[in-house]
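Here we start with a single chain on its own, the form predicted on its own, put down as structure tokens.
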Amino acid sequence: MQTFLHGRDLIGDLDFTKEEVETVLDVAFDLKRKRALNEPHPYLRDKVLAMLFFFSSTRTRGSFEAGMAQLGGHGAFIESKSTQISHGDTPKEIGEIFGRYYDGIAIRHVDWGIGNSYLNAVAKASRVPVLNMQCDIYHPFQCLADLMTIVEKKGRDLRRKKMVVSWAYAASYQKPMSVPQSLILQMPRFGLDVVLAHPPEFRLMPEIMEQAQEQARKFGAGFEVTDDMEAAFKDADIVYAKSWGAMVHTPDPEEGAKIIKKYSHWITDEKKMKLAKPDAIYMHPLPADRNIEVTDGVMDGPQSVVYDEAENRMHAQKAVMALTMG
């Protein structure tokens, strides 16, 4: 167990070593047990977390706010449009000033080519931990919750378990690619054989792909890429299928929308789930475009773990906050 995480930022998934992630999981499971037993655990009494949002949120805002309250502190919700950021407050000002008001700064900023740079600029100026509530490159807290859920459902020894990270059709908008990128970076470290499936235009960032291959080599896990959704699902233990945008191919939203329309058959339905193992679990970070991205039958079916996964956001986040802000 690696215990010295006080004051650390969590912006990219590889900011924490595998051993440090294992520490986060141990603490998360303990906090989940305490919550179930109604045991008080005010490790962050009188601490305040600034929660700065440049993008809408349901689970992230709810889980961080509730988590801070359960830890004895307070989560201060700050919508960027109601601040002076558009009138001159730079990332340096936010880091310097919020770093003096608050005990931690959590930021969600998913604008392509901007979000991650913004978080790092704030972190450079801040004297308190900066936590990434999702940027254009990474979604580390979602990934920690996903890992926690997989351990709950499949046990601690995940070696040789097959995890499919698949693109899925969604008509709403070009969604960030941060979730699949975090998954392919983190999951090979825990022995999962990852199969990444997507149409040719929906490739992930080349540098993230290189890092994922490096993690797979380092930890002796499999990592392969296919453009065949059905082939990817075959004999899978874990199915994680969600939409993301074609930003690497084209950052233009209109062109991206046209490309997305070509692949409406990339839906997670009962037929595809039957290709996976009988005890395979279906995962999604939510919100999902029902009956477009995934059928109701899969989403509400016996293999779906999406609500346990959503709950674990809170426990995983509480663990990181307690370890970094305590």
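Keep in mind that this is a model prediction, so the values were computed, not measured. Each residue number is its position in the shown sequence, starting from 1.
The following text describes the form predicted in complex with a small molecule, which does not appear among the structures shown.
Put simply, R313 is close to the small molecule in the model of the complex: some heavy atom of it is within 4.5 Å. When the small molecule is considered in the model of the complex, Q70 lies well away from it, no heavy atom lying within 4.5 Å. In the model of the complex, no heavy atom of S264 sits within 4.5 Å of the small molecule.
Interface residue remark: T58 is counted as part of the site for the small molecule in the model of the complex, having a heavy atom within 4.5 Å. Comment: the small molecule is not present in this chain, but in the model of the complex one of I292, A66, A257, L286 has a heavy atom within 4.5 Å of it, namely L286. Listed residues S126, Q142, N132, Q181 were compared with the small molecule in the model of the complex; Q142 is the one with a heavy atom within 4.5 Å. Partner proximity in the model of the complex, defined as non-hydrogen atoms within 4.5 angstroms of the small molecule, places exactly one of 296-304, 278-286, 265-273, 27-35 at the interface: 278-286.
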